[in-house]
Structures are given as C-alpha cells and as structure tokens.
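Only one chain is included here, represented as structure tokens and corresponding to the form predicted on its own.
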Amino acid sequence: MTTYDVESGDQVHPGQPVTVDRYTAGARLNHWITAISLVLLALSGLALFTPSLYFLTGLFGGGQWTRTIHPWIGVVLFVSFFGLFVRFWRANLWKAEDGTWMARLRDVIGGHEENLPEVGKYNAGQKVVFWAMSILILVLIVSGFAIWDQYFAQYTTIDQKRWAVLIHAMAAVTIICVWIVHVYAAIWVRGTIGAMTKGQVTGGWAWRHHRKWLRELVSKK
C-alpha cells in the first residue's frame, strides 16, 4: 500500500477517543503565517484597487504606508507558501480516486460520504485549492515584481507594466475567491479548523473523511 501522503509527524494514538496527529506545530505555524499574509494582502490590495475601498488604507497607516507594505507582505506570502508547498506537494498529487470524488460532487455537497471513494490525506477539492493557490501565488509574485517600480522599474517596459497590472488584479480577485471557498469548506466540515489549530483530529473524523490516509497510518505501525 502506498504511503505517498503520510508525513513523519502523522501518528495514531489509541484511547477514548482515538486521536490522530495530522499537522505538526511547524506546519501549523507555516499555514497561519500564509493565511494572515493572504488576508493582509487582500485588504491592502483592495484598498489600492479602487477609490471606493481606499478607506482600508487606514488599517496600514495610510496610503503611502499601504503602498510600501503591500509588496513586502507579498514576499512573505510567497516564502511562507513555498514552505507549505515543499511540505505538502506530494500528498496533493492527483490520484485515480480523486476523479471519482469530483464526479460525485453532488454527494459531497449533500453529505452522502458513504457514496464517495476512500481518499488520502487530502480530497480532490483540497487538492484543487492547493494547486490553484500554487499557480496564483506564482503569478502574483511575478506580476508584482514587474510593477514594483521602487526596485524593478528598469526591467520592464510601460506596456509590460500595464499587462502586469491587469494580470495581477485578475489573479488577486481569483485567489480571494479560492480563499473564500477554502475557509467555507474548513468551517463546513467540522473538525477541520481544530486540525489546523491543535494539530489533531479524532479517529472517527479521519475514518469518515480521509479513510485511505488512516489505513496507511495504521498499516505503518
């Protein structure tokens, strides 16, 4: 049995109830730095995007500070997410059961998980979010450098900057939408938020939502 999505910190603890270590402290810290950076970028970016949201610059000390801080937060986001990517890319590789899971999305929404295939540490929906984030953050950092005139003005033409601004804005709106879906799904599936705050889930949660991953953990013992 493949254990492609079992990490060194994943472990089952017998007891009442059975608990399963899902995320290490390092992984959780990495995740929350990424999450906070993304929220700050969304707020500061929206403030710079349209005059109707300019009032959001008050959260960052005014327009000048917002313009100065925004790209640096972007660098923090990129570095932090890169850490997550290195940790989790292998567990997010697409598998045969993921196609079946997506084809039965109506059962996912309807809560009929008995009709779904057993999945590993991440289901197809989580994998889509992971790879969408990976691509969008890469697009954002590249386009962001192109319009960061303080340091990179001499490396791009005016036309390239205009295209970069458009691409940056489109990628930003898209990643905000992906983030909303991610947060909604985490709230919707009880126990998911706890996994990212405490690092553990119950054996029952793992059995219901990520049975293949739980089997891999048990067989590893």
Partner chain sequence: MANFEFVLPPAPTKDIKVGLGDGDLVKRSASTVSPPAKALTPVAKLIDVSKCIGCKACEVACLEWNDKRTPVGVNVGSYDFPPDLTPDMFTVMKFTEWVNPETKNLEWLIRKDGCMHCEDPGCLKACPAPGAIVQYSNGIVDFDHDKCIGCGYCVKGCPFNIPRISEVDHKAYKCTLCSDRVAVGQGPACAHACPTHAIVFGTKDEMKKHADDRIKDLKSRGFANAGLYDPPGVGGTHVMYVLHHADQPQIYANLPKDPRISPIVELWKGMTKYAGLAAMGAFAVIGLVHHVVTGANRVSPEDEANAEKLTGDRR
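Numbering follows the first chain given and starts at 1. Computed from a predicted structure; not experimentally measured.
Another form exists, predicted in complex with its partner chain; not displayed. Remarks below refer to it.
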Does G99 reach its partner chain in the predicted complex, with heavy atoms at most 4.5 Å apart? no
Closest heavy atom of Q200 to its partner chain in the predicted complex, within 4.5 Å or not? no
Can you check whether F60 is within 4.5 Å of its partner chain in the predicted complex, heavy atom basis? no
Partner proximity in the predicted complex: I135 to its partner chain, non-hydrogen atom cutoff 4.5 Å: no
Only one of 124-132, 89-97, 104-112, 73-81 has heavy atoms within 4.5 Å of its partner chain in the predicted complex; I'd like to know which. 104-112
May I ask whether N30, L38 and M196 each come within 4.5 Å of its partner chain in the predicted complex, counting any non-hydrogen atom? no
Residues in 152-181 with any heavy atom within 4.5 Å of its partner chain in the predicted complex: I158, D159, K161, R162, W163, V165, L166, A169, M170, V173, I176, C177, I180, V181
